[in-house]
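The chain below stands alone, shown as structure tokens; this is the form predicted on its own.
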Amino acid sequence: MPEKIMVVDDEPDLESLIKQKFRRQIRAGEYDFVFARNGLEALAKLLEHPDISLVLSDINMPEMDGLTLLSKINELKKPTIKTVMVSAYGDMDNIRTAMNRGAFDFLTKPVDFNDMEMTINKTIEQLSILKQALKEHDLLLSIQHDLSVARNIQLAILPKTFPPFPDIKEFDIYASMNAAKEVGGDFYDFFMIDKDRLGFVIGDVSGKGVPAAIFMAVSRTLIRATALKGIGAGECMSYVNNLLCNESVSSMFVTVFYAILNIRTGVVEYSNAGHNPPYLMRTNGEISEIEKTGGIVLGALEDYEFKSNSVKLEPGESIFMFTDGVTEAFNAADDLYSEERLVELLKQLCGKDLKDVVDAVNKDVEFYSTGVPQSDDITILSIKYRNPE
């Protein structure tokens, strides 16, 4: 598309002179000139030709002068229109006024057409840069809108109603996720496999942003669908691992801790696929790390056999699960929050309601990282076993 340039001047010979000077660019489709005799006619031309990007305007004209026209153009609030003012060489007061009102450049009479051509080329070059910046800005706004929608979708697929099973009194459960970006790669989930068994899982996908969020949604869906078949924790991890190895792109993987609580006995069967070991919170205030099962991350090595282990919860005891966004949060001195600080805090929180425990850890991590941008998703899932009687 040619650059459309409007020349506003009451000199009758100027139109033919400009067409003669720029005949090569006009024939080549580089420039398209529009002419007006005064400011009023120029405003009408702007409405008729909304794609005008450069206005060359004389200052002294009948009916509406160039300075008034410049003010009217500014009122249109179209940054893709640049105005170059033309006036007599000695008319510096008006030229300064025009520049103060937002004119991009100026030319003096008698017009040097070579100077005019250089000024036009320079102005169009700046317009091209500006248009590209505006295009990128619009694209960024569109991406931000899409990310906002994606965040809402991601949050919608995570359980967030607590208590989730108000008629079941054998356990309490509470969780939270704070993404470092608009969308995150952490997830948690829980579901009744049958009337006696609760499945629960926490995971952390490698990477950040949209790719991690998509892989997170796929991983969560596969784990839930597989777990609802009622198979053991290790077998579930093995099956999902093979599925992810077949579908994984860009070498993405996910760490997972998946467990099954028998709500009648308090026995928890679990399998750890390269995730941070959760903590067992005893009623006497003792905090211990749940033994690992030797599993690797999901999506890395096909046909890997995941093992499972078990631990028995007594009434009132809890399992505290988390992603490394908790322990690897940084403070202003570039020190990690650390497992040691987390354990000391959990000792103080033994016996508290799960929501109070989760909220207290989130607040302590936030306090520790004051002034430092969140670098990783922070996700917590905690479950407490109750007396089934």
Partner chain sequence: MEINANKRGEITFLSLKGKLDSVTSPNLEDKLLRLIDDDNYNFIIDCAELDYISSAGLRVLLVGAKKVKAKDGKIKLANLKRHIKEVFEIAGFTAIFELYDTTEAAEASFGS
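Superpose the two forms; the largest set of C-alphas matching within 1.5 Å is the rigid core. Positions refer to the first chain, counted from 1. Predicted model only: the values in this text are computed from it and were never measured.
This next part talks about the form predicted in complex with the partner chain, which is not shown.
In short, of 292-300, 77-85, 105-113, 118-126 it is 292-300 that has heavy atoms within 4.5 Å of the partner chain in the predicted bound form. For the residues 252, 243, 280, 217, the 4.5 Å heavy atom test against the partner chain in the predicted bound form is passed only by 252. Just one of 72, 208, 197, 96 comes within 4.5 Å of the partner chain in the predicted bound form, counting any heavy atom, and that one is 208.
Under a 4.5 angstroms non-hydrogen atom cutoff, the partner chain in the predicted bound form lacks residue 191 among its neighbouring residues. When contacts are judged by a 4.5 Å heavy atom cut-off, residue 304 counts as touching the partner chain in the predicted bound form. Interface residue remark: residue 26 is not counted as part of the site for the partner chain in the predicted bound form, having no heavy atom within 4.5 Å.
The partner chain is not drawn, but in the predicted bound form it has a heavy atom within 4.5 Å of residue 336. Contacts between 260-283 and the partner chain, taken as any heavy atom within 4.5 Å in the predicted bound form, involve 274, 275, 276, 277. Relative to the superposed rigid core, residue 68 undergoes a CA displacement smaller than 2 Å between this form and the one not shown. In this overlay on the rigid core, residue 333 has a C-alpha that sits 2 Å or more away from its partner position between this form and the one not shown.
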